[in-house]
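Taking the form predicted alone, here's one chain by itself in structure tokens.
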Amino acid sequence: MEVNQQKLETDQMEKAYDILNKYFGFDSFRPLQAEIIEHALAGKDSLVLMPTGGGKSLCFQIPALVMEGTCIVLSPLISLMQDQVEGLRGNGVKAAFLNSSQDQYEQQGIERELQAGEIDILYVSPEKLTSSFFLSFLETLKINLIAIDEAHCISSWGHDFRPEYTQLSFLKERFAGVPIMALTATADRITREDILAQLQIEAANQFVSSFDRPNLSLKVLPGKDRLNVILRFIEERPGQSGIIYCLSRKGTEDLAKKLNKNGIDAAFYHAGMSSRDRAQIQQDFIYDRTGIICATIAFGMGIDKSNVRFVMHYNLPKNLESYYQEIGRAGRDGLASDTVLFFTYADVIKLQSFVDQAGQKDLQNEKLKRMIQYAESAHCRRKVLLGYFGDDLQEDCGNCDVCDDPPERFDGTIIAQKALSCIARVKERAGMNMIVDVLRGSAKKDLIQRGYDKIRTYGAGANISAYHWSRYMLQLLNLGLFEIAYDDHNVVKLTEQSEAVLFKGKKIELVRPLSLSERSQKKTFTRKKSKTQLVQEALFEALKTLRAEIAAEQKMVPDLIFTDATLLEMSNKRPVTLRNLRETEGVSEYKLEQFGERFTKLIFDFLQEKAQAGEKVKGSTYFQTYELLQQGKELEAIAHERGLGVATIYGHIAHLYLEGFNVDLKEYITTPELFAVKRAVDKHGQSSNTKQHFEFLEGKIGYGKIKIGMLILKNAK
């Protein structure tokens, strides 16, 4: 029985890899994806934490296609589910959605398709899923998986709590035996625990992917002269899509108007607009008709756009969860993208006033403090950001403003040991300010009452000022050496990393505290491009133009044809045949059939134009040879004209043949020569090197002809 189960699991994973390639155009899974999929195929519940752009959707889409039945996906926004369904259909997957945007007849038609087993993946809104009639209908179907996207919305501890998500506890009871997969890009420990409790899947396995998005550069700039900085930034990135987050509705409108006055295509978006206007702005952005959106946090969750090249924060976000999720909308295709945060204390004061009027005041206040600490940090920003989510980055990232302009560092191991020892000796029952007071030997009444003046670390850091201690404590917090228990009166707790510093000799580097204004900021955003990069960029832009034309014809989102990452790979590898285009990551069988010929033709024409102009670019040398062959010139004449050896021209012919060009290899080798090469191959094998065959034939047949003969013989088998 166990052997049969193992075989079933092996067969299912083989099918998963086939589906990955056939429908999505990838040869391998990203980190954790295979484990999550295998877990779901085994019928087990899971909580998946994976950064935006990390491939969360494939974690439920693949098992949905492997298993018999239909996968139900709960999605909070209509626009998001519509985009995802369109993307799946664009890959040949049978997918649909049900929500309030459809009339009764549309919904009934989809329900009939569900009953007929014609839909593999169904996206639904929370309101639809929780209706008693629809639930009864679902119970008549074969449901293979329930996926809950944006699962942080379930928890009141989360940054985007949605009350309608709290009604999902019934799922485990009503769909017993059906695995539940909760997915989110941002959730701290408390939020994760709450999600599991709310869904009644406390025993679910938690898959926490690295939160690192190395393709995103991280920069914090002073808020002074923001508009001119933004104008210069955009000017250096013509044609790129970007989002600029503002704190207020009026702020989005004012900034968009200022950008428009400076000739920049920008629109604003906020919750005070009509739903129709918001939908239109969002559509224009997704379809690349509008380049830049100035928006409040109301914009973003429903954006399924992979080629956002930058995200800027005109104002300070209210917490690191929101900030991380918002910057995560940049570079979802894995290409280099920029994030810029403007920091002013005016924003801090404004946000503090919001916190004072909000629920869970203590929690929100602490989260705001961590946001401020990130903005003021003198350590690698990626280390600080990942440390907040419990992700330990060993080395500085080299892709943030602090790494670009590093501050003065020193060995702070003794300082760290004193602080961590103090936390341990107060039995992890004090907050950061109290720890500093103990270390400095304060005589405050509360400290004395608790008996902290009697512990060994009392006064151990009296030689360091309160200001410097507070800065060092923030650095230790940002390095993940302790954490704040928001759910336990904001006391500080040691982490696994603390033990390494206290007992295992791990060294800690600290930074001498400097204010943000004292740190010099790099003034340029530009990256110098080589000639090769410029040619690649020209082809990339031509491919984007073709994609836009097809998108307009098909009324599709451009990204759903091919992502920027796929186009970039095309511009690098330059496939001119369908076979080679299929080998490009992101080109599925369905997309190859739909769009392949137009893209290979464009690349062919581009390289042919470069060849005719005599430009030496990757791929053009073969086209130059091909052009001369088409003119009927002899190989010796081509070699002479191009200043190359005849053997090199033979190599070009072999390459052109393998690339799928109309080249008759038998024109370039006689029958006796081919038979001679066959004798050599029979003697030494097809895999032997050309030199071995050349020596066997006593140099009577050149290397070029041997290559041609070997190709003919190989393809004759």
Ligand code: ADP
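Quick caveat, the model's predicted, so the values are computed rather than measured. So that there is no doubt, residue numbering starts at 1 and follows the sequence shown.
The next section is about a form of this same protein that is not shown, the form predicted together with adenosine-5'-diphosphate.
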{"property": "Residue stretch of 674-682, 56-64, 646-654, 39-47 approaching adenosine-5'-diphosphate in the predicted bound form, non-hydrogen atom distance within 4.5 Å", "result": "56-64"}
{"property": "Exercise: T563 in contact with adenosine-5'-diphosphate in the predicted bound form, heavy atom 4.5 Å", "result": "yes"}
{"property": "E585 within 4.5 Å of adenosine-5'-diphosphate in the predicted bound form, heavy atoms", "result": "yes"}
{"property": "Contact label in the predicted bound form: R332 to adenosine-5'-diphosphate, heavy atom within 4.5 Å", "result": "yes"}
{"property": "Contact label in the predicted bound form: F29 to adenosine-5'-diphosphate, heavy atom within 4.5 Å", "result": "yes"}
